[in-house]
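So this first bit is one chain, no partners, the form predicted alone, shown in structure tokens.
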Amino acid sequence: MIISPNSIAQLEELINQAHKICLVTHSNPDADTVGSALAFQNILNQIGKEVIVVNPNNIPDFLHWMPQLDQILIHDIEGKKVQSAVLQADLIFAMDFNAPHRAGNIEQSMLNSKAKKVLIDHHLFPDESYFDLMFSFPQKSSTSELLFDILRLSNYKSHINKVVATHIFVGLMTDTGSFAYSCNDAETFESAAELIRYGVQVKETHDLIYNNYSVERLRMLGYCIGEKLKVFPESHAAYISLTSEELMQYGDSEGLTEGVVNYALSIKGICFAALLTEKKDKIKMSFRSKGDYSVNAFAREHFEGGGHLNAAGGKSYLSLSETEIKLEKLIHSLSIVCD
């Protein structure tokens, strides 16, 4: 991956000229979008810029320990303030998403904005017509790692501190599943090592993310595996589905089902996994795969979604039972060869 000196110079010029900067995270935020946005906000604050991070909806509970999190404006809670922040900004960054519609209820404000727009992202198929400057590198493990690369090549490197490094490390660690996937490049581990040199406490940070679940979360996970897991060994596929009533039984807090789809994928011989959760207006879908099978293509073709080769999301406006029927028909037609 090569980030050109010219693009770094353009970035610095846009930041120098900006008076109000808005960092936008994607809908249903994860640690990568939140971590990269908070890290960049810290850097920009240090150089005297007025910066606001805005998010479409609530942030998962397992991220609530992160420094500066209380500074994020959430559209579902403070919609008018979020809209105002986006429309008043003269520079907008899309952190970890490739097109305005990925920002959910912030999309229209982004489309109405007259600000310059910069993309920092690692997803496929960026909306090139929308952005004035793009750092789009799908080969990177995470947007957080990409941001770290950008910072180290810029005049902002001297402003990287322990808090910034921790935010970046959280995004890198979670988007690689604790370095279990999307990290075949030595550069990713070299970045992690350098972040540790800035003071990141690996065990403490890992525990805060992965060993900090509620009792309800563990009971929900047991229910998913014991009662809701469907396995199709002949298709090398498995999925879990949860109704809104089942979610409410366990609190339906943000991040409650984070990572559940990976348990379906962990079964021997399974190379395609899905999680379906029934929401108020749609069925939210998460897809995971092993090897060369692209769940990004699968989600884009069948469920209005997309993402990465082995991790993607989608949605369905059918009922949950109808979505299950559609998914199972597709599963039976899959041609997946597990390595």
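The first residue of the sequence shown is number 1, and the count goes up from there. Bear in mind that the values here come from a model prediction, so they are computed numbers and not experimental data.
Just so it is clear, the following notes concern the form predicted together with a small molecule, a form of the same protein that is not shown.
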Practice item. Could you tell me which one of Ile52, Ile43, Leu63, Ala311 places a heavy atom within 4.5 Å of the small molecule in the predicted bound form? Key: Ala311
Study note, to complete from the structure: Note: exactly one of His236, Lys117, His123, Arg217 sits with a heavy atom within 4.5 Å of the small molecule in the predicted bound form, namely His123
Exercise for review: Classify Pro56 as contacting or not contacting the small molecule in the predicted bound form by the rule of any non-hydrogen atom within 4.5 angstroms, answering yes or no.
Suggested key: no
Check your understanding: Arg102: heavy atom within 4.5 Å of the small molecule in the predicted bound form?
Key -> yes
Exercise for review: Could you confirm whether Lys326 comes within 4.5 Å of the small molecule in the predicted bound form, counting heavy atoms only?
Suggested key: no
Check your understanding: Contact between Glu301 and the small molecule in the predicted bound form at 4.5 Å, heavy atoms?
Key -> no
Review point. In terms of non-hydrogen atoms within 4.5 angstroms, which of the given stretches 266-274, 286-294, 66-74, 35-43 touches the small molecule in the predicted bound form?
Key: 286-294
